[in-house]
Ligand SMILES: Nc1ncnc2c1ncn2[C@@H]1O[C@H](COP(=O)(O)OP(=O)(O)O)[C@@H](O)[C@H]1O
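First, one chain by itself in structure tokens, the form predicted alone.
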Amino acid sequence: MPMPTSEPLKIALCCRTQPRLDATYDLLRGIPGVNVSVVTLGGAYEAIGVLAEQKSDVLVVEADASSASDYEALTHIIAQHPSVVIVLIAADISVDMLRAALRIGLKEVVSLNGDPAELPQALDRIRRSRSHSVATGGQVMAFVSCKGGSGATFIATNLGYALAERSNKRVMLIDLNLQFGDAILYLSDRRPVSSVVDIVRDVHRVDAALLESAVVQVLPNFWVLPAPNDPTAASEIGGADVSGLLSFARSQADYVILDLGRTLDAGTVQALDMSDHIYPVLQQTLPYVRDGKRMLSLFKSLGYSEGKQRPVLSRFDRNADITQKDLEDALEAPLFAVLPNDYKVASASVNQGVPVPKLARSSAIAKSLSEFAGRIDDPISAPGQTSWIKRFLGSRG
């Protein structure tokens, strides 16, 4: 998708060889919305001096994050220039390099020997992410399971229904669990005629009419965009596709709820980047606690702030060996919402495809969902973000 035509991104470019520098500079010059403000022969170490003298939005640098010297230089840049987004370019990208890049919070790694469109697409994602941070529009909320079977889809779908009922605002749920998503089954017995894949195939011309033709309407102000029936269709969706879809969705709805799979691919990372808040869902067992700590640590490595993450406890049991306090101590974070273990009501809801607020309005879980929706729709009632303690355990666990 073409970049927006607002203020151009200021690019600092550093490459190790003159031919590579010239070729990359020529490529950048052809990208709309980009201003290459400084060009330097060198790598990550030389980039330190460049950024000290020249203010830039993005650093495109040829480096190897798995190299000790480059890793140290990149870490220094991130610490000294937190507002600068780094795009790491390399001729050969190894698994070790990707792991090292992820460890220090780099989200854009581009192969110089791959598709020439990779670098423009990376800059497109950065531009959209920057626009999103200041844009007006709907709130985007991402729900993700810390471990399979946590109840993330159940919560996302029922919360969407509760929000729509409570607020009378426009709510859209997008099922981005592209391989095994079944969110629509929790809310309706209608057979979808379209899916996320059908929309992104036409994402360049997406409009309200196209989106309306693809969604399933659950309430007058609540719509669901289902995942595809064919799991292989997930390969058709990339980060730029997700970016375009979410940018448009948030212009059409007050609340955009994302049900994400646990596969960390380009589309999922883009969805997480564009979300205002992420809701990791877990339960009161040791495997969930372990995976919850790992997920929060991963989100930290991706550069997400403490206030962006709101852990949710599903199927709360007062008699469980692991208490709510134990869980919060392990995560080093308070839980944003706690939903009780009401197996009978939850099971009936899922089996009938009827949301809990409609099926059993007076149940404990329906009341908890209503409270959850209230804390989102009324920010004053939500926990103070600035008072949240440090969430993560770093490399432990």
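Throughout, we count residues from 1 along the sequence that is shown. Because the structure is predicted, anything quoted here is derived from the model rather than measured.
Heads up, the form predicted in complex with the ligand isn't pictured, but that's what we're talking about next.
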Is residue 46 close to the ligand in the predicted complex, meaning a heavy atom pair under 4.5 Å apart or at it?
no
Might residue 347 be said to contact the ligand in the predicted complex, defining contact as any heavy atom within 4.5 Å?
yes
Quick check on residue 147: any heavy atom within 4.5 Å of the ligand in the predicted complex?
yes
Closest heavy atom of residue 153 to the ligand in the predicted complex, within 4.5 Å or not?
yes
Can you pick out, from 365, 58, 65, 331, the residue that has a heavy atom within 4.5 Å of the ligand in the predicted complex?
365
Can you work out which of 341, 40, 37, 370 has a heavy atom no more than 4.5 Å from the ligand in the predicted complex?
341
Residue stretch of 120 to 128, 100 to 108, 153 to 161, 295 to 303 approaching the ligand in the predicted complex, non-hydrogen atom distance within 4.5 Å:
153 to 161
